[in-house]
Each structure stands twice: as C-alpha cells, then as structure tokens.
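Given next, in structure tokens, is a single chain: the form predicted on its own.
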C-alpha cells in the first residue's frame, strides 16, 4: 500500500475536521498510522481539485505564481493549470478563503479529481477581509 502526499494531506485534514486523533490503515503486512497533534484544531479546509489528467503548472511565467500560499482568493480564481499535451485546463478555487500549500509539486502528474491545493476559510467575513486574512 502506498499513499501519495496528497492522499495523506487529505486524510489528515479530514481527521482534524472531524476530531479524529489517530488513524491506523493496514493492508497485508504494510501499515501506516496517522496521528493528529493533541490540542491542535485546524479550521475546516477544502481542496481545489484537478479538472482532468495532466501535469500541474503553478506559474504564469517563471517566478510569477497564479496565486501564492497565504493569499486571499475568491471562488472562481485560477490557482494553476493542468496541462495534457497542448491542452491547458484551469484549476479553479471552489470557494473564497486563504490559499494553503500546493499538495503536488509543480510538474507532477495529477489524475482527475486529485486534490491540488488546500483552501482555508477566512477568519472573518470575506467581504471585510484585510491583509491580515490574506
């Protein structure tokens, strides 16, 4: 059994969101145990998912990301692209919030529906979000 970093991140986020402290997964002789740090409560998160199969592109041009981790984003913002040959599909933010880290390295191959970016909700009303929320 092999879990990808994206799968581990998704399981960990789901554990925290549902108050699960530890999770044991085993298949044959292989096993993994995920443990959430005690007392750590993360805000509910959502994920921007891959719109298809292809390679993740996170920059418009070298050194110019579509959106940087920690930035405030709105639903519908383009966070990156999935490239398959000459076809480019936008990775769209499903909701407003604060952009977390990319769950895949730039250039990595993603499958349809693969979580690509973690999104956290604003701490305040998004209409009143300021630099401290971005």
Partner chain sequence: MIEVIESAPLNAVQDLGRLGFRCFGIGRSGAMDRLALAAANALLGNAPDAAGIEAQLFPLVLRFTTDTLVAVTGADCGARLDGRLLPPFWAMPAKAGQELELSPPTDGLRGYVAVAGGIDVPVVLGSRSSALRDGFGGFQGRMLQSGDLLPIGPAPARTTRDAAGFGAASPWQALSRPACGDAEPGDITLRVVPAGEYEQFDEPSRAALWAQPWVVTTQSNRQGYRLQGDHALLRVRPLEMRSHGIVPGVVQVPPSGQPIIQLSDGNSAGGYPKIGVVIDADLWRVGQAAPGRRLRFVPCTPALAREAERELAGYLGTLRRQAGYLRRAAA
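Positions refer to the first chain, counted from 1. Model, not experiment: these values are computed from the prediction.
Not on display, but discussed next: the form predicted in complex with its partner chain.
Residue contact check for residue 31: none of its heavy atoms lie within 4.5 Å of its partner chain in the predicted bound form.
Although the partner is absent here, residue 63 is not a contact residue: none of its heavy atoms lies within 4.5 angstroms of its partner chain in the predicted bound form. Although the partner is absent here, residue 74 lies within 4.5 Å of its partner chain in the predicted bound form, judged by heavy atoms. Residue contact check for residue 94: none of its heavy atoms lie within 4.5 Å of its partner chain in the predicted bound form. Checked against its partner chain in the predicted bound form, the residues 109, 68, 78, 35 give one hit for a heavy atom within 4.5 Å, which is 78. Looking at 68 to 91, the residues that come within 4.5 Å of its partner chain in the predicted bound form, counting any heavy atom, are 74, 75, 76, 77, 78, 81, 84, 85, 86, 87, 88, 89, 90.
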